[in-house]
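Next up: a single chain in structure tokens, the form predicted on its own.
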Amino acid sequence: MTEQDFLKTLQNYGQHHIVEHYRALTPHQRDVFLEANRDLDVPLVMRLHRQFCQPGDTRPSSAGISPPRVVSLPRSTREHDDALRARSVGESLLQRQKVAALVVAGGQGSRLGFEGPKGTFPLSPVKEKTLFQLFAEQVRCLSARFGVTIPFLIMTSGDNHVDTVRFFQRNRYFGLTPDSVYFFSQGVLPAVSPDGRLILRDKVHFYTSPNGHGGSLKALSDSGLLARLMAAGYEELFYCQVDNPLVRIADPVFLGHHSLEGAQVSTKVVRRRGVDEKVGVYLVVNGRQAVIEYSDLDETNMKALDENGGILYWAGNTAIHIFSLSFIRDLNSDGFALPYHCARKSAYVVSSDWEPASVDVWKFETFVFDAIPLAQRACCMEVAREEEFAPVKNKEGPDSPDTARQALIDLHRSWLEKAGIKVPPHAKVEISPLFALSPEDVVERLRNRRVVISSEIYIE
């Protein structure tokens, strides 16, 4: 887009204050301004602003909602046999080099009181391994186990891309080959004021915000990585977010159920702790499987109980998915198919006299789970919260580093106890992903090995 085209676009959408500001800049500042902002999708933002100015309640009605069909935790002999069959199918996908893994990691650790990308936050209870290291070691273990290369994809943001890449370089990619680790950044969109005016962050940059975790599917395509993976024969993408240290990367059972269902997208869910838990809910909405954010589900449905007094809509979203690569390609084939949502927040920007000021802004973002109702077939699988879901979102209290570390300790303690090893009540326990990915691994590998019991137990 030329300077003339860019200014014409701004004028067409009534952004005269930006045009006037641009014309007052020095020639060098104009060059920087154009380079920084010319690729931003101003027409899309203006269209979204008009869309969200329309009044009305977009929440689904109770009449259109029902509980989904869920692959439940195996309890009966038949369900255990189904899980074994799924594991075999998933392991076959891994052995045939059909699976890649994506960790969405665009956030900073500021809410945790930590400077740097969230993935670089030290979390494990004994060795203080970072979130990135815990995931990378799982990928390394699986790759070695099946004798394949599992591409490890990391979606960053403009705020943390350089720091994330340098972190992996400094740590020698945690034993992974550098050419199997791929970094790409999610897109951003300009934010606007409630009356639709573009906002300046400083003299040469618009105030922008990431386009949401759904943007990972667009960025994967835009970066060319999607085409490269498909050309190399990969078919399935395991997806998770960086803040959950209990994630089982490329879980073979999950992969197997996804394949056996012929699903284009699959999701792991846990039972909601209570009717007030702030977690997205997996439902059937107007005949299509979907996840609805807790803030978008009315109180009647959030608190609905079944005939036994249990939570009717109990399936809480864990943000752990599998996407078929061909489905991601289709979502990007004619523009980006996921809908946008509007988040209305306060932002700290410069005012008209270039002093810092807090203003109300509208940010536009996409949610990755909005791909679910667009799929022809989707699969939903229940997992145990204590084994697979301990997100790190808050500095303290629920869903904090302390609760996640304790979840890791409790999980690894249970693995040792299944191997017949008693652990002192207050001992810290950590089992490296390079040693074991499951309790079955622990039982097998500790048969002829002595474990030293102390206040801190680390096994690698």
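Remember, it's a predicted structure, so these values are computed and weren't measured experimentally. For every residue, the number given is its place in the sequence shown, counted from 1.
Not on display, but discussed next: the form predicted together with a small molecule.
The three marked residues, P74, R272 and N317, fail to reach the small molecule in the predicted bound form, with no heavy atom of any inside 4.5 Å. In the predicted bound form, the small molecule stays beyond 4.5 Å of every heavy atom belonging to S88. Proximity of V242 to the small molecule in the predicted bound form: non-hydrogen atoms within 4.5 Å are present. Although the partner is absent here, H49 sits far enough away that none of its heavy atoms falls within 4.5 Å of the small molecule in the predicted bound form. When the small molecule is considered in the predicted bound form, K303 lies well away from it, no heavy atom lying within 4.5 Å. Of the candidate stretches 218-226, 242-250, 322-330, 74-82, only 242-250 has residues whose heavy atoms lie within 4.5 Å of the small molecule in the predicted bound form. The contact with the small molecule in the predicted bound form, taken as any heavy atom within 4.5 Å, belongs to Q186 out of T130, Q186, Q264, T164. Checked against the small molecule in the predicted bound form, the candidates Q138, Q289, T208, Q108 yield a single residue with a heavy atom inside 4.5 Å, and that residue is Q108. Inter-residue distance, K127 to G109 (Cα): increased by at least 3 Å in the predicted bound form versus the depicted form. The pair Q108 and K127 separates in the predicted bound form: their C-alpha atoms are at least 3 Å more distant from each other than in the form depicted.
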